[in-house]
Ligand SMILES: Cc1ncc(C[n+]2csc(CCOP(=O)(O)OP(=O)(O)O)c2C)c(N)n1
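Listed next as structure tokens is one chain, alone, in the form predicted on its own.
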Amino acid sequence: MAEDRLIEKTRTAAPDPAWDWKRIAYLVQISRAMDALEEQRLVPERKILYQFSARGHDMAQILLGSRLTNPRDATCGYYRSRPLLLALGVEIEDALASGMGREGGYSDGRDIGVVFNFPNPGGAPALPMSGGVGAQFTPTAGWAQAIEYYRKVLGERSYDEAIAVVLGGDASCATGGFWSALTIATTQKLPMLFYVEDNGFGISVPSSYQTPGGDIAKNLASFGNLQIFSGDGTDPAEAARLVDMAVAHVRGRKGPALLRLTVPRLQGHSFQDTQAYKNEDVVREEWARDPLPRLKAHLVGSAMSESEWDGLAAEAEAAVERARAAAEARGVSSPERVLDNVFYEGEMQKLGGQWTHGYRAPRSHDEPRPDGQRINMVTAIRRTLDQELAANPRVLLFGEDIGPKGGVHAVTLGLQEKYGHDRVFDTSLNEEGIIGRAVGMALAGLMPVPEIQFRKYAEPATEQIHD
């Protein structure tokens, strides 16, 4: 029954010793100090032009990021996901410098500081993010499907417990990307965790406009092949327990899960947002749910002393100030380099593609061979796909009707029968999902070949193509 699949909050007392609470507390303090620095100095000084506070969202994200310990894991977030990225190991200096357009780091100043990628060699990467709301979901589904492909088709055991985690706010649950990824993950039973941090607003629009009643967890309680976890993201014990349960469910190959944690957005949507649409009672209630003092109350007296807590806070402020000085000492990223490495310029990528997994293509030549019988374009494409599928086990072919039917143009006729359902397969009718899934697979090191039946049908996928 649906009631059995909706796991909600319960109360626990002492801090769970399985967590590194001192690290959690330190990173929450780092996140708070970065927000304060940007709001009080860097934005007023116009050194940062676009700022999103993570206050209220920070603790739950850091708890989740602390559980992404498998190097084959991956996550993709959005503009309010910096606390999770700090938990993955993003350097404070790099995070600040990126927002200031400074050279070096993971983006060379080309990201806006809160929307970025983090290859993270040796650890779980943060997949390249986009400013488009909901654009993060389908590439994460592609990574999740790639995990299963590595396990089941290529036999790589290092992927056995890997998972893909995607972050989104409550408003993102109304997007096509969310529903497309949900369909992919549940129909394929992928190791994917959807984390929805529900602060009740999409900028100024209440969450009840995004999903009936404003609770996506309850609305999906009867959704097939999906385990639901829901609770309070400001209660340290409850949030930690639900994060552990959700991650364990997905790592245990029990199928995808959705984790919804309610959190307050303690500042405006962005720095420029005055929150005039919230009355004083709403703002007061939100600040009463601030997770930072609740975290302190949970830890002081059991996991640390008052002086240790104060020491962590002072250490975090000092670390952020040192990082600011180092970031400002960097040169300004040159506009002349803004297009560097958009196309290959001699330096190979650190994440994505087959090269990072050791694959080397067979030798080729550029001499035409005009001999043989003339063939039409459909046959030429089919032969090319056949040749690539035979030569490279990382090649996958997918789209609408390309399986038993062989494609609406007969281009893929016979290929599923020859190479199997894992490598040549049909998809749901959603072009954003087809292309977005291919993006995630390519980032994971596979060679996806997505098919869109007609040019007109590609238009729903243009966001993924542009990103």
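Because the structure is predicted, anything quoted here is derived from the model rather than measured. Numbering starts at 1 and follows the sequence shown.
Here the subject shifts to the form predicted together with this ligand, a form of this protein not shown in this document.
Checklist entry - Of the listed stretches (193-201, 322-330, 350-358, 236-244), which one has a non-hydrogen atom within 4.5 Å of this ligand in the predicted complex? => result Answer to the contact question: 193-201.
Checklist entry - Quick one: in the predicted complex, does every one of L27, R82 and A124 get a heavy atom within 4.5 Å of this ligand? => result Checked in the predicted complex: no contact with this ligand for any of the three.
Checklist entry - From the list T262, S172, T75, S98, which entry has a heavy atom within 4.5 Å of this ligand in the predicted complex? => result Of the listed residues, the single hit is S172.
Checklist entry - What is the one choice in G131, P71, G214, P393 with a heavy atom within 4.5 Å of this ligand in the predicted complex? => result Partner contact (heavy atom, 4.5 Å) among the options: G131.
Checklist entry - Does this ligand get within 4.5 angstroms of any non-hydrogen atom of H249 in the predicted complex? => result Judged by the heavy-atom cut-off of 4.5 Å, H249 is well away from this ligand in the predicted complex.
Checklist entry - Taking the shortest heavy atom distance, is H269 within 4.5 Å of this ligand in the predicted complex? => result H269: contacts this ligand in the predicted complex.
Checklist entry - Since the partner is left out here, which residues of 41-57 would have a heavy atom within 4.5 Å of this ligand in the predicted complex? => result Contacting residue: only H57.
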